[in-house]
Ligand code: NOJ
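Presented below, as structure tokens, is a lone chain in the form predicted on its own.
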Amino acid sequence: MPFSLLRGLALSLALVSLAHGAGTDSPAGGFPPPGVDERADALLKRMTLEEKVGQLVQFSNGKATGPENVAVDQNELLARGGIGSIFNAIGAKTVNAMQRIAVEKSRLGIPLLMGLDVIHGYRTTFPIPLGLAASWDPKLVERTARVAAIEASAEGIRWTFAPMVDIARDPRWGRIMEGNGEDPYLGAIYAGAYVRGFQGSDLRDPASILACAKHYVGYGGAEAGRDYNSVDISERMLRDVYLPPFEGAKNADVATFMSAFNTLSGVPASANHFTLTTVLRGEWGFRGFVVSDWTSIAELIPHGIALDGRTAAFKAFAAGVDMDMQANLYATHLVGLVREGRLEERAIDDSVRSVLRTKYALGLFENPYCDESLAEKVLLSKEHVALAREAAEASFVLLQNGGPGGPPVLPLGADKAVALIGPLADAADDMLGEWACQGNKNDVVTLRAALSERLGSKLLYAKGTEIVGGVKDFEEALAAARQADVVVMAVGEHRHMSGEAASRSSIDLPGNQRALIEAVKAAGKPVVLVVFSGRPLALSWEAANVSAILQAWHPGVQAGPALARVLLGDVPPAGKLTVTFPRSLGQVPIYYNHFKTGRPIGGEDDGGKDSGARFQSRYIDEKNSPLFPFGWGLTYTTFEYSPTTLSRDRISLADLNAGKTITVEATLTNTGPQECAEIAQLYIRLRGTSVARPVRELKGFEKITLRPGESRRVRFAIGKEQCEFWNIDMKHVAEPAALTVWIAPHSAGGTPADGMIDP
């Protein structure tokens, strides 16, 4: 089927019904659970058209997380069944008060679905998602989502607008912090982990909340990295790169999807019949419901595909958006569109049925209220805070230790005098990161506080500068550096420099921070950078001028204790990057799984080895290779990888299709002084195929811990699933190909093995 997204603009009434679930033959998955359809159908028969439309309406309770906060009398609408969902209602008393109006004053007593942006914790704030992804530990991510669900549900929140599973290849885009990085395979795994954590094993459990896979789809591919900007990609790229994490969420039985702000090849994602109906409902068999992003239905007007709100409401609903977040266009226009004959009431019924069965699945009809005494028992519990520290420790990525050309300086010796310098050393609020939900800076333990407790009088502190602006007199910082044995500098971005509507045209350290580093470096002491940011920064100058760099992201409420434990060697760092760090902004967008050009530089991975030839795909003033590649991360020991081997060097396509596999192996040895964990990564490349394939694709990983001198054999299986892609005929198949395989510490390492997939 050609990628004609315009099909969503010329809808018949039959298509309107299909968009909302009628006529699909796809089997239902684990959501919704058995029994809820019958209950939803029975209630649906009792509803007026106005009450039905009310279930498709969502409003924010005062708090604005977008450009326009539509003013309506929410209590009056609730009393007549005119609202199906409320979000941004904070606190158990507020939630219960609104729920009582809906349940006790409306004719049918249908409970509200209460939502909130619970992104990386509720009150117990964990590292930002990009930092959590660096753990390469889906089970850990699932545990953090479970804690977030327990805390949020204690205050009546039963729906989160997470996980964000957008693939992001451009660090200028502020919302890169909210996702899992650049790889579709890893993104799909994390999508499933978040869904399982939020939703639990049974949605009827009062501590479970609905997950929402967002932003469907392509939002992370915004041109120039500017939020809300246009996206123009081929169907093959859409299916190979941007859709897999959403399918991973669907396969984990995610209950809801959120349509995105962006246009996709000219058609806004919130009016895109191809993605919302052909793929999501038709191909994947999704039976939950789709909510728009904040006023994204109204934004069909500035996008240019609607001249008024009535048309915008029609096009969004007809394409497959079930619930209108905040635009007030469904409430205003859907009843009239049905009575005019432009929409069939059965299409409205399909969407309402999806919303009702979700509420039944949550047990809201039986238990619409929350226990107002529960929150004080679970928020910031000892166990939750301990997990926050564990998650932060796992998120840190040691980018450099001993450069340029010097000996390792980490871990710090307990007998060392340490100068702690920088604007983020004692910045509690910034440790929370953007989208911190109910996170409170008073809950945060900063790096300064944690190191003071550990080092006492051996710690010297100077702020040095603000993140942006502030003094340029660095004498206090330089004096502290001169008295110390080693300098730890806490630098980076404040929390609001990333996130929604926070794109940057420069990804250098902002303000005077580089100048501060240069001034402190003059003291002649080893300098360790601890970098707090919501995105990869361009750190080429820093890498050439400091001894060590630890990427700390925005690590949450236990930032200080977690960092102190890693810096002082109690816990070795084990994180690995899930996004590429460029040398300079001019390389952006940069990502590991790119295609090879017809005039490549260097080896198979275009590693920037310039042969000097003029007519190659290269810059004249910069290397092609990144500063730190996808998968990169050091620790306090060294690991040696043996050459990769295959159990056999040929396999037939028939054998692959029959379920047979090739075993890939390598031996890892801890050649250093300390027991540490390593994340071994499996990459493949296919050549000779009907369409070009990336220079490497991640297909597996395993985290193992080895003692000094210990070796272990690592094994992976390569089968049909690992070799499939969207071919020249837009079929998802494996093809005959030359196969290259690496087991490697990162996307630019490892010794390959070659094989063949025979016809």
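Since the structure is predicted, the reported quantities are computational estimates derived from the model, not experimental observations. Note that residue numbering follows the sequence shown and begins at 1.
Missing here is the form predicted in complex with this ligand; even so, the following discussion is about that form.
At a distance threshold of 4.5 angstroms between non-hydrogen atoms, D117 is in contact with this ligand in the predicted bound form. Among heavy atoms of M258, some come within 4.5 Å of this ligand in the predicted bound form.
Put simply, R175 is close to this ligand in the predicted bound form: some heavy atom of it is within 4.5 Å. When contacts are judged by a 4.5 Å heavy atom cut-off, A361 does not count as touching this ligand in the predicted bound form. The candidate spot formed by K214, M325 and E500 is fully in contact with this ligand in the predicted bound form: every one of the three has a heavy atom within 4.5 Å. Contact with this ligand in the predicted bound form, defined as a heavy atom within 4.5 Å, holds for exactly one of Y242, F314, W632, F161, namely F161. Contact with this ligand in the predicted bound form, judged by any heavy atom within 4.5 Å, is made by just one of D137, D183, D293, E434: D293. Heavy atoms within 4.5 Å of this ligand in the predicted bound form are found in exactly one of 89-97, 194-202, 258-266, 556-564, that being 258-266.
Contacts with this ligand in the predicted bound form, taken as any heavy atom within 4.5 Å, map to no residue of 537-573.
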